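Take a look at this one chain, the form predicted alone, written out in structure tokens.
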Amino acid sequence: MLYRVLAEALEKLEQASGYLEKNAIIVDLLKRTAVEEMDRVVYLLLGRPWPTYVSKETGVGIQQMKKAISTASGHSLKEIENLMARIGDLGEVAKLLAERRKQVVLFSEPLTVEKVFDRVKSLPDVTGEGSVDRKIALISELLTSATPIEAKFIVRTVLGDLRIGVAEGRMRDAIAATFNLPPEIVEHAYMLTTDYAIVAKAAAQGVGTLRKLGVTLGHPVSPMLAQRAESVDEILERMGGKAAFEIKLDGIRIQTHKNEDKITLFTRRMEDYTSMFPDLVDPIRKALNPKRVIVDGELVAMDKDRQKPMPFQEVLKRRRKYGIEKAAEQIPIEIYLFDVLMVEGRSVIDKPYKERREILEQIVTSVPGKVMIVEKIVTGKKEDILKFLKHSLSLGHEGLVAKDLESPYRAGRREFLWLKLKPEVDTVDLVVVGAHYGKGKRAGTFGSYVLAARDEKTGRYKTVTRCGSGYTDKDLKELTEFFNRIKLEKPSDEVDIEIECDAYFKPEVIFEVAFEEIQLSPPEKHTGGVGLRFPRFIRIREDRRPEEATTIEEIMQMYRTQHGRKGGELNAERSPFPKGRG
């Protein structure tokens, strides 16, 4: 396929505003794509020539890209600097200068998707002395042969900023529509592979090929998630009177892949964190007996003096590129394993929980202080559950997770097969979609943020609250600095919002928010139809993906439960949402 075809589709996607319009453009492109090109096209649609879980960057920054554009266009760096100051997008600068190109290229062949893909993919491997100049030369060679639109998207792809509003979540419906498949089958394949390029290529070969996709070493599996439960009685009712109860830890969800001596640690956002936790690699290698295995667990930071888990934010301090050894000494970590997905190349996700737990206990040799199995009990007695809950809290943990003894590992699903029980104030994980500037002491910062929940049926984000409490002065400063770098002038086309904001954001960052009560809200106030009373910022959930935000249905279920506790009735016609709150 000529790269021009892809670049023109990217241009249309950037200009399109609605979900259906963008979906139609992607479907049209995929229908024109040959099977052997499908993975390359999907990767480039998503803005990087490798899947999300591969920790690679091109290593090309703004300054190097300016030099490549200068070489290819014949325009000086000063001209490029002036245009960049005026336009603010180096892709658009490259497009403009390609139209004004000073030198004529003789015998230039049209760029293909394969050539652009392979060239960009090769950039991280260009290392050593003179690597910067060699990377500039490789990029300028592409730009020299590029049309203006091609130049624009080559530059953006190399810089990792495609700006077309197509996240991975959009690919499910596009692939399903292209190959006339149920979206659920496409989504299931993605949950097992976390790679829509692989899914699209398999779908192009037929539903039979798609169904063969499964758990693979080195490819993180979307984690199974837990619903919230209000009480022990609810748990026992849902799980037939008996369940497994595991201690619930508050850390980073980590999926460990062992392939012979190689250990890889993936987060629930499908990021490779292995390099950040080198002190865990050898203990995990010793603890996992099989040569090839995938296990699921939670990584927590431990207070060496108190021998209790440290707050979640302390765990996040270990996420760094530099000073790793010093951080390891200051913030020791442990990993607690609670599930197994593959053993010696054989998937076990379809086996019931009770069998997977037995397998886990057989294949793990604990390394005290580093690698352990999560403590659990199996019971149907309420007094035993409450006693175990008290034990969990005394150790400094969050609560319990109840698990259906017969449940398979449902990759990427949040269902009532796993239920979390916490004796604390209700919290939700919401996506930041807008902000308002503060006043008085908060002047110069964003003083409150507009937050949204996910509509599970449509995949869109709908507002449910405006949160201006719970931030420290340091939070306000750091959050403002961060969000100023990613702010938009208008709402993202993935968001339904009626509130006028001072700044808008793509639905990417998740806040955990505590609240006192859920109340119904008119749609002109909050498009989610509900609002949170007295919301309070707890923390950023850097371990959560936008697709894992609390859903509208989950909040409605909490609302129904809340009214059940109060003895009230759900009245969809009445909105007690007070002015100025939420």
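If you're wondering where the values come from, they're calculated on a predicted model, not measured in any experiment. Here, rigid core means the biggest group of C-alpha atoms that superpose within 1.5 Å across both forms. We number the residues from 1 along the sequence you see.
Unshown form predicted together with a small molecule; subsequent notes refer to it.
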Exactly one of K258, R268, R356, K152 comes within 4.5 Å of the small molecule in the model of the complex through a heavy atom, and that residue is R268
The one option of F179, Y504, W418, Y471 with any heavy atom within 4.5 Å of the small molecule in the model of the complex is W418
Look up in the model of the complex whether L225 has a non-hydrogen atom within 4.5 angstroms of the small molecule, and give yes or no.
-> yes
Would F446 count as a contact of the small molecule in the model of the complex, using a 4.5 angstroms cut-off between non-hydrogen atoms?
-> no
In the model of the complex, does F338 have a heavy atom within 4.5 Å of the small molecule?
-> yes
Just to confirm, D404 within 4.5 Å of the small molecule in the model of the complex by heavy atoms?
-> no
Which of 83-91, 157-165, 240-248, 427-435 has heavy atoms within 4.5 Å of the small molecule in the model of the complex?
-> 240-248
Determine, after fitting the two forms on their core, whether E516 shows a C-alpha shift of 2 Å or more between this form and the one not shown.
-> yes
